[in-house]
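As a starting point, one isolated chain is supplied in structure tokens, in the form predicted alone.
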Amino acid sequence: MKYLLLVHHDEDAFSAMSETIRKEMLEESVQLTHQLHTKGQYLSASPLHPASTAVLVRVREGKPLVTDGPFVETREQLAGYFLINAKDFDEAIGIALRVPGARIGTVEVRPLIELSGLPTEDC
């Protein structure tokens, strides 16, 4: 089953960390992706640019609305993700515990609903 691990943390607190610590966390994340790849569990992963670079897109009554965002009442922002294969929820949680961002923020574990008819990499 596929799971999306959404990594949330406080961007300001992360930026305040030393460059060395930030690089070490990134390197640790890359190492984790290689470990997951070896086990056939890695699908995709990436950090995200700061929330200030995001826009929100909505369609209301047929009209597009594009606004700067996100403006969420929280101290933590979405910082990145891992898309993984895991045999069950417990295994996905175990992988989430290994994500470096879990030490400074939160990793949300969400199972994906797999839909038929979507394009695949094989196409």
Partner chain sequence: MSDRPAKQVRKVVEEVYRTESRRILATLIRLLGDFDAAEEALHEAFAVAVEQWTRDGIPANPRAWLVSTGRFKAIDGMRRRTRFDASLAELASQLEAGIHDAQENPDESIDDDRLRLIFTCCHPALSSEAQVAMTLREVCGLTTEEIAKAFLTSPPTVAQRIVRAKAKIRKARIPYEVPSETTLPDRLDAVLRVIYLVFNEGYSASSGESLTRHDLSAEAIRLGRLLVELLPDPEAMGLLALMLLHDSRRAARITRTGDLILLEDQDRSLWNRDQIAEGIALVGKAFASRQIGPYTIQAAISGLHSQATHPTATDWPQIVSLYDLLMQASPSPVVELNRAVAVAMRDSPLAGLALIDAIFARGDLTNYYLAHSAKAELCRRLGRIAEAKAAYKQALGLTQQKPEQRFLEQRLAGLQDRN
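It should be emphasised that the depicted structure is a prediction, and the values quoted were computed from it without experimental measurement. Positions refer to the first chain, counted from 1.
The discussion below concerns the form predicted in complex with the partner chain, not included here.
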(Q) Only one of these stretches, 23-31, 38-46, 59-67, 80-88, has heavy atoms within 4.5 Å of the partner chain in the predicted bound form; which one is it? (A) 80-88
Q) Applying a 4.5 Å heavy atom distance criterion, does I93 contact the partner chain in the predicted bound form? A) yes
Q | L6: touches the partner chain in the predicted bound form, heavy atom cutoff 4.5 angstroms | A | no
